[in-house]
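Starting off, we have a lone chain in the form predicted on its own, written out as structure tokens.
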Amino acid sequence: MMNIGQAAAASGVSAKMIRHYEGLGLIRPGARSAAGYRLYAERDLHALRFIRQARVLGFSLEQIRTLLSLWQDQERSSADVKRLAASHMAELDERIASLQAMRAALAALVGSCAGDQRPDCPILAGLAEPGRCPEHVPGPD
């Protein structure tokens, strides 16, 4: 058993995030020592590393909850896991396409700006009047 600081160091997840994941029910609450300190077992470290890797891949906390459930279910179907991962990959593809469109619009604005001492600026004009942007990109709202 190890305390929260040791668990944080061993898992790569900060103590603050360990407490947060406990609060969300993603990991079981740590056992308590006689002095009241949280204690974690190797099983907890595996779950924390799993969560950390899922976060690195951009899964949402709700997706991670589902993945943890599937990971712990020895009767699971790999098709369920693949379906969730493929759905997440499609979401990432949409975000990438949106970011590429934003970049293209910004690149057009930057390319239209002389960047000299004159006060007129096509970048500011494009931001103030979206219809003037070379390529209109829908915003996040």
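Just count from 1 along the sequence shown to find any residue number. As the structure is a computational prediction, the values presented were derived from the model and not from experiment.
Here the subject shifts to the form predicted in complex with the DNA, a form of this protein not shown in this document.
Between 52-60, 106-114, 86-94, 70-78, the stretch whose residues reach within 4.5 angstroms of the DNA in the predicted complex through a non-hydrogen atom is 52-60.
The DNA in the predicted complex is approached by R32, whose closest heavy atom lies within 4.5 angstroms of it.
At least one heavy atom of M17 is located within 4.5 Å of the DNA in the predicted complex. Taking the DNA as positioned in the predicted complex, the residues of 28-43 that bring a heavy atom within 4.5 Å of it are, in sequence order, R32, A35, G36, Y37, R38.
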